[in-house]
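The chain below stands alone, shown as structure tokens; this is the form predicted on its own.
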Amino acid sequence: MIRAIKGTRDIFGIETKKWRYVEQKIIEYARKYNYGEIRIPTFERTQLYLRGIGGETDIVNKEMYTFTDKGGRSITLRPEGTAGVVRAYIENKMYADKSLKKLFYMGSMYRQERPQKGRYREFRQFGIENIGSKEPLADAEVISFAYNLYKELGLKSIKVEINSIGCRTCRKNYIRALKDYLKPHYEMLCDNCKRRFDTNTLRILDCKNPGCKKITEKAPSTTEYLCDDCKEHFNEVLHYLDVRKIPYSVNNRLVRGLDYYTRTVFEVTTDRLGSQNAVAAGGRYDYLIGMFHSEDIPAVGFAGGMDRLILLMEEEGLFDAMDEEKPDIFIVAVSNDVRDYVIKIAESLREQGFSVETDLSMSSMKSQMRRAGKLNVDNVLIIGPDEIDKGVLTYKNMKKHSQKEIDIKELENFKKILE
């Protein structure tokens, strides 16, 4: 038997109803904040991620699904959304009118990492990108979108952690200080952090290894080394979060795993999903567009894992009252010679917006009623030759255990019957 590839899964039944509910909420929230949808390709040229994400990140080093196509091009299944959105922004000259662009996306991403609770090799992610504003208000809006969306979905266990990692100038001073602090402890660092020491020093602060975490407990804080502009920017972001009444905590150990971040970085976290506790993360990336374009254009955004979000909602019991989808109406054919009438009635009811199920196997009336019961349908219509001759049919309300004869013409406005 051929099985699904490790780290992927099938979603069906009531699970699809959960996904549609969450997807619709994201779309509604994007509308509230005036973010328009963008749909980017599932795969891109590998160079986009090598330059955009950074060659020393875990994603590029260990996790990307990369292959060579028939044209000899190196292609990668998208591991995240921001780089693709930036490529689309530049290629389609969205910058031409100098206006702010507010975009959101949803779709599958791919990373070849060890599958674990809420983490898959093919996973669904959504995100927003606010491109064209350097103002702290933009950072606060993006964080507000994330926090308020999760609150709207009913989550109670979430919190916002925020930090500033500075600009190119002041970050150099901080990295120099961090290296000076780490040098005496170098031999006690894990192999990953030893490699990162020269190539991606900030990521050492993000290491989950207990030994490395202990070493970095007393490391200098990023905010202590911010230049005046970065300090003012960060303080204004915090001010606008206060104005919006978004609760947060400043976490000076917080850095992001992608090279393109600058200044504000943040995570929305939970204590319900173990050590991998972030359900959304993002920040400002003022230099990323300049890597592919003739000028730097400021931007800020975030992305959230939808698999982990749905798992968290399940953990908090937010789907407990959700039932599997069922038809509004089941039409029972008493005999085969009324099938044409059943088809016509079903199509008429569907045009009115109802979900309608009929029997396709020409089974007995008893079997059809049994199937209607298994589907837990509230409304059953029974039609046979006698009913057609009289211009009526039998309506059974399964919830109220009632039954009555109705004129076929009444089906032209079935909602009135249900009132």
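Heads up: residue numbers just count along the shown sequence, starting at 1. No experiment lies behind these values; they were computed from the predicted model shown.
Another form exists, predicted in complex with a small molecule; not displayed. Remarks below refer to it.
**Student:** In the model of the complex, does Q125 have a heavy atom within 4.5 Å of the small molecule?
**Tutor:** Result yes; Q125 sits at the interface with the small molecule in the model of the complex.
**Student:** Does the small molecule come within 4.5 Å of any heavy atom of F104 in the model of the complex?
**Tutor:** Heavy-atom contact with the small molecule at 4.5 Å: absent for F104.
**Student:** In the model of the complex, is there a heavy atom of the small molecule that lies within 4.5 Å of any heavy atom of P327, even though the partner is absent here?
**Tutor:** Judged by the heavy-atom cut-off of 4.5 Å, P327 is well away from the small molecule in the model of the complex.
**Student:** Using a 4.5 angstroms cut-off on non-hydrogen atoms, would L77 count as touching the small molecule in the model of the complex?
**Tutor:** Judged by the heavy-atom cut-off of 4.5 Å, L77 is well away from the small molecule in the model of the complex.
**Student:** Spell it out for me: taking the small molecule in the model of the complex, does every residue among R119, Y260 and V279 have a heavy atom no farther than 4.5 Å from it?
**Tutor:** All three within 4.5 Å in the model of the complex.
**Student:** Want to guess which of 303-311, 184-192, 220-228, 336-344 is within 4.5 Å of the small molecule in the model of the complex, heavy atoms only?
**Tutor:** Residues of 303-311 come within 4.5 Å of the partner.
**Student:** Find the only residue in D296, E315, E152, E113 having a heavy atom within 4.5 Å of the small molecule in the model of the complex.
**Tutor:** Of the listed residues, the single hit is E113.
**Student:** Given that the small molecule is left out here, which of N163, T82, T270, N200 has a heavy atom within 4.5 Å of it in the model of the complex?
**Tutor:** Among N163, T82, T270, N200, a heavy atom within 4.5 Å of the small molecule in the model of the complex occurs only for T82.
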